[in-house]
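Below you will find one chain, with nothing else, as structure tokens; this is the form predicted on its own, and questions on how it binds or moves follow later.
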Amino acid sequence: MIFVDDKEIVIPGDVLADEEYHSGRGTFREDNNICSALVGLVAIRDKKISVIPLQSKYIPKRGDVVIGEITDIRFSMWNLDINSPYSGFLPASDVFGKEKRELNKTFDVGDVLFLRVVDVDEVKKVKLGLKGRGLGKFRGGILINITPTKVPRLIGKKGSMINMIKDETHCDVVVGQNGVVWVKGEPSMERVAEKVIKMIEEQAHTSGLTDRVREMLSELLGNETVSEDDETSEDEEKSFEVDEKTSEYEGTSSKEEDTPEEEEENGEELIQ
């Protein structure tokens, strides 16, 4: 038996379901019941029940794609801020192979990169890499930080929400699973995109968000209407998208192709 509704806000200790259901992320079992371990939103998938935290820090996982800013350069690596309690590092060997080069002539402090989490060890040292489709250095643009658990909502079903923002503002937008969003376009359009993205973050737990985003874009852009996609309304977001055209790779390592299935799995993990 289920005792709560999908998307209902719960607090730690709330009883969510009985033993007929499976315990997911953000929950724990007590006797024959499944209880919430967090303050968050209930997510029900078939017989699995999870709780998505309303606020959270990004905890790196192998395979995630993230946006990071270089904070330090050492003998054989770059250190990066990845919007997490744990910092990341990019080994020089990932970029140069066995060659010896001056690191700051390739990536310098302050540069923003789109990377993949290669490994996370037991003390949370986060090894990053640039091998993959679309990974590399960004040029220009602005960064917007949102709560990582709101990323699927920003992306939307099959990329519907983020594509609406791109289409209406004509900005390039890339979203990292660590909650960092890179936006590049005309300065006035970057500000519009930023306002809309922050609104999505604030109202991610509410219904009818797609319609409100459409209305906000229309108001900010002075349009009569903004293109509609009824299939996007009221749907729980499941897809994760990266835009392979919006980052520029400056390393020398070979690229690998990722499958759409891999990208979707990444997005699914965020809402479990």
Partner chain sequence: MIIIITDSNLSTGTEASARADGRAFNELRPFKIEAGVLERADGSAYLEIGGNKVLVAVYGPRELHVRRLMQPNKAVLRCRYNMAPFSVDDRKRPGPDRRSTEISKITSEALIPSVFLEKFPRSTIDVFIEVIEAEGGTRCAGITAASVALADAGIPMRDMVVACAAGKSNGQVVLDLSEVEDKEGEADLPIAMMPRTGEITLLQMDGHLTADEFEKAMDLAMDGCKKLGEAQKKAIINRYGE
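Here the structure is a predicted model, which is why all the values come from computation and not from measurement. Numbering follows the first chain given and starts at 1.
The protein also exists as the form predicted in complex with the partner chain; that form is not presented, and the subsequent description refers to it.
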Open item on the list: So the partner chain isn't shown here. In the predicted bound form, which residue out of L217, I70, L38, A43 has a non-hydrogen atom within 4.5 Å of it?
Closed with: L38
Task: Position in contact with the partner chain when the complex is considered in the predicted bound form, options R212, K48, H205, K61, heavy atoms within 4.5 Å - done: H205
- [ ] Verify the contact flag for P85: yes if a non-hydrogen atom of it lies within 4.5 Å of a non-hydrogen atom of the partner chain in the predicted bound form, no if not.
- [x] yes
Open item on the list: Residue-level contact is defined here as any heavy atom of the residue lying within 4.5 Å of the partner chain in the predicted bound form; does K158 satisfy this criterion?
Closed with: no
Open item on the list: Against the partner chain in the predicted bound form, would L221 count as a contact residue? Criterion: heavy atoms within 4.5 Å.
Closed with: no
TODO: Evaluate K124 for contact with the partner chain in the predicted bound form, applying a 4.5 angstroms cut-off between non-hydrogen atoms, and reply yes or no.
DONE: yes
Open item on the list: Just to confirm the contact call: exactly one of 86-94, 188-196, 162-170, 131-139 touches the partner chain in the predicted bound form at a 4.5 Å heavy atom cutoff, so which is it?
Closed with: 86-94
Task: Residues of 1-26 having any heavy atom within 4.5 Å of the partner chain in the predicted bound form, listed in sequence order - done: I9, I11, P12, G13, D14, V15
